[in-house]
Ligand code: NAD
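Given next, in structure tokens, is a single chain: the form predicted alone.
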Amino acid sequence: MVTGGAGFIGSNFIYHVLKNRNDINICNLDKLTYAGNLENLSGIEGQYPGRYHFVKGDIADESFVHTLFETEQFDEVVHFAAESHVDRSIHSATPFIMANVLGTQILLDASRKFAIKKYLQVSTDEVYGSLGETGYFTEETPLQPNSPYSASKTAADLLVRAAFHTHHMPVLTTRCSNNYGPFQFPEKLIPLIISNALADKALPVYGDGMNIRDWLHVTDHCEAILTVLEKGKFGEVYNIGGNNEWANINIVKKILEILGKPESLIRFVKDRPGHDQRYAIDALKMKNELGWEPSYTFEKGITETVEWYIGHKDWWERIKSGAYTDYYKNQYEKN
């Protein structure tokens, strides 16, 4: 079972697994909230007949989850499903607690009850908090979340840890740096900048734009997760990074350069509360113990990503309407 498989990383992971592993079948469980989009998986059932099916449901619904586990008899669970946008968590944290904390515990309970062979928790480097100008997050870095979103993911990670130490469950945890690539919801930095620039709209950049992130192509992330699922040691945490630090403002300028758009589109807006200054992942454990390291260069990855959004204008134009439009105005245009 893949939870949250209609989202950005989940849908990319499903494609990656079905393409590269002929012996794996997938049930995709997704609630289809605003960021879940079945268009991401259009035609996949025909492309991989008998190997994929979709179930709509809520991981925080205990009765539903236990019935699904009993019916489907899963061997493994890869848990992506989460409320994941920091800005939204600042406006209202409750949905993040329900999905990220309660939902994770319900999945763990069902996994233990029905003797799941492997459970993989997909987490984030944001659980570590913020870095200064030097240093990197390792798997031993203390957990110091600074937003309601990252606090909810930290709580989920600790529940997974407790499941291993208390119940000896076959659990694995991955923590990744910022992802980019196809099918990313346009509230996140890179697709937001690409789609706004293509429409010649203002490009909102928080603060002075000097917040730094380590950018990882989603395909590299999917391969890393599959590697951990197949080779990882139960109870362990694995950091997954791109070795690719960029200040937000330089990402924006790079996208404008690729698109041939003017930097006059950039508009600096009021910084968000608790905005972490820098994230950077030390992924040596993945390399030394499991033999994984990223294959994408950022030049190749960002160029391909821009080209994907140019070629899928209908996809993101349909998304950037309705409830998303209301959110966007509230988040950026009031500043």
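Quick note: we count residues from 1 along the sequence shown, nothing fancier. Since this is a predicted model, take the numbers as computed values, not measurements.
Unshown form predicted together with ligand NAD; subsequent notes refer to it.
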- ligand NAD isn't shown here, but in the model of the complex which of F80, Y238, F74, Y128 has a heavy atom within 4.5 Å of it? F80
- Interface check vs ligand NAD in the model of the complex: of I302, M286, I59, I26, the one with a heavy atom inside 4.5 Å is I59
- Of the listed stretches (256-264, 228-236, 135-143, 115-123), which one has a non-hydrogen atom within 4.5 Å of ligand NAD in the model of the complex? 115-123
- Decide whether M1 counts as a contact residue for ligand NAD in the model of the complex under a heavy atom distance cut-off of 4.5 Å. no
- Does the 4.5 Å heavy atom contact test between I9 and ligand NAD in the model of the complex come out positive? yes
- Closest heavy atom of G36 to ligand NAD in the model of the complex, within 4.5 Å or not? yes
- Query: Using 4.5 Å between non-hydrogen atoms, is L32 touching ligand NAD in the model of the complex?
  - Reply: yes
- Task: Residue by residue through 168-183, tell me which have a non-hydrogen atom within 4.5 angstroms of ligand NAD in the model of the complex.
- Result: C176, S177, N178, N179
